[in-house]
Structures are given as structure tokens and as C-alpha cells.
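Have a look below at one chain only, the form predicted on its own, in C-alpha cells format.
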Amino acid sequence: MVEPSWTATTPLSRIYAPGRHGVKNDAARLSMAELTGFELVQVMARRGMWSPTDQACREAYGQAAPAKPQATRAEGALLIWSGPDQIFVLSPRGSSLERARLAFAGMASLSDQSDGRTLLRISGIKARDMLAKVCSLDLHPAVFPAGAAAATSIDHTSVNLWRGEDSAGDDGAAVFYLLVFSTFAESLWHTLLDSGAEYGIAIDAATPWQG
């Protein structure tokens, strides 16, 4: 009998090609990457249980559960608003689900989304310009500062989008993150490549989420 073997792949592994994309006669003004090795748990407070859920979040993660569209750095995780009385807990792969089970037992419903979502990072001086082509949100820093988040759509694809801390490099460029259902990841990736091609894109090697 032949024993089956399995090789773990990411949702974009079939088409992912690190290197340069788009115009190449100048320095790339965009950087894109798939982020791997994360755990994602959706926490949905049960009816009338938002306050206990928030308190449990404070005790387990050292931060309040975001009650409005924002992403908050916590102890060992990023807490991302995903809807009324709902958050995502994003953390490096490990024991995130068990930690959430212990924290929110009896007050919230949990859904492990780790293998159902793809996480992308977009940065560079033209990141905002590229996203403006495909997203209806106003991403101007005055209204969408670091830590802001939204549940929105890009080219008819539902995504969770948030802005991280600006790049530590000399350009201090904005950094955005996108969570998309894995079944739509390839389509969204092609859309983003097409939208940013005129600026020149450096596609980084897929790297683990570091928080």
C-alpha cells in the first residue's frame, strides 16, 4: 500500500513569484508579501456578553477588545475589530486557539480561521495610491491613521484591512495588511499586481507573521 504524503503549501504558492513585477526602469515604489505561519481566531461575543468578553480580553491579552474599527497590539497577539461585538485574534502559530478557549469560555463563540484566510502585507510610498484604485475607503493618514481597520471590499472581494506602523526605513511609508478568504486569494493577488504594476513592485519572499 502506498502511504500518502502531504506537503504544506500556502494559498498563493501556485502563483507566488518573489522578485520584481511591473515597471523595472526605476526603484520599486511598492512592496508586497504573503505572510504565513499565523493563527487567526474569530471571537464573537454572545448576545449581551460584550462587556464580559471585553474584560476577559483585558485579562488574557492585556488590552481591551477593539469596540470600533481598529487593530490593537496586545500581549502575544494583534486584536482586530471585525464587526459589532466581534474581533479577530491574530498571533504567530502556536497555542492561540487554546488560549482563546480558556479566555472566552462561556461568553463568546470561537471560529478558527487560520487555514481559511490569507494574510498580505503592502507597503511603500505608492501603497496608498495602489489601494485607492481598487478600494473605496479614504486611506488618507488624517482619517485612516496607523491602527485603523475596516471590513470592506476590494474588487468585489471581502477583506479585512488595517494599517500597521509606518515602515522603519528611510521612506517611513505606510504599511497595510489585508485578510482575505483563501479561496479568493489568487484573484485578489492578481488584482493588486495589476493595480501596482505602474509603480514597480518588489515581491518579497513569503515570511512568517511576527506580530
Partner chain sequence: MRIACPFCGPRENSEFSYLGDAKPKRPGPDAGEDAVYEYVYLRDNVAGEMAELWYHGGGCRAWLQVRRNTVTHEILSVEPAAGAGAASVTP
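A quick note: this is a predicted structure, and the numbers were derived from the prediction, not measured. Numbering follows the first chain given and starts at 1.
Although it is not shown, the form predicted in complex with its partner chain is what the next lines describe.
Contact check for residue 69: a non-hydrogen atom falls within 4.5 Å of its partner chain in the model of the complex. Contact check for residue 123: no non-hydrogen atom falls within 4.5 Å of its partner chain in the model of the complex. When contacts are judged by a 4.5 Å heavy atom cut-off, residue 48 counts as touching its partner chain in the model of the complex. Residue contact with its partner chain in the model of the complex: residue 63 places no heavy atom within 4.5 Å of it. Contact with its partner chain in the model of the complex, judged by any heavy atom within 4.5 Å, is made by just one of 56, 173, 150, 33: 150. Of the residues in 73 to 105, those that come within 4.5 Å of its partner chain in the model of the complex through at least one heavy atom are, in sequence order, 81, 82, 83, 84, 85, 86.
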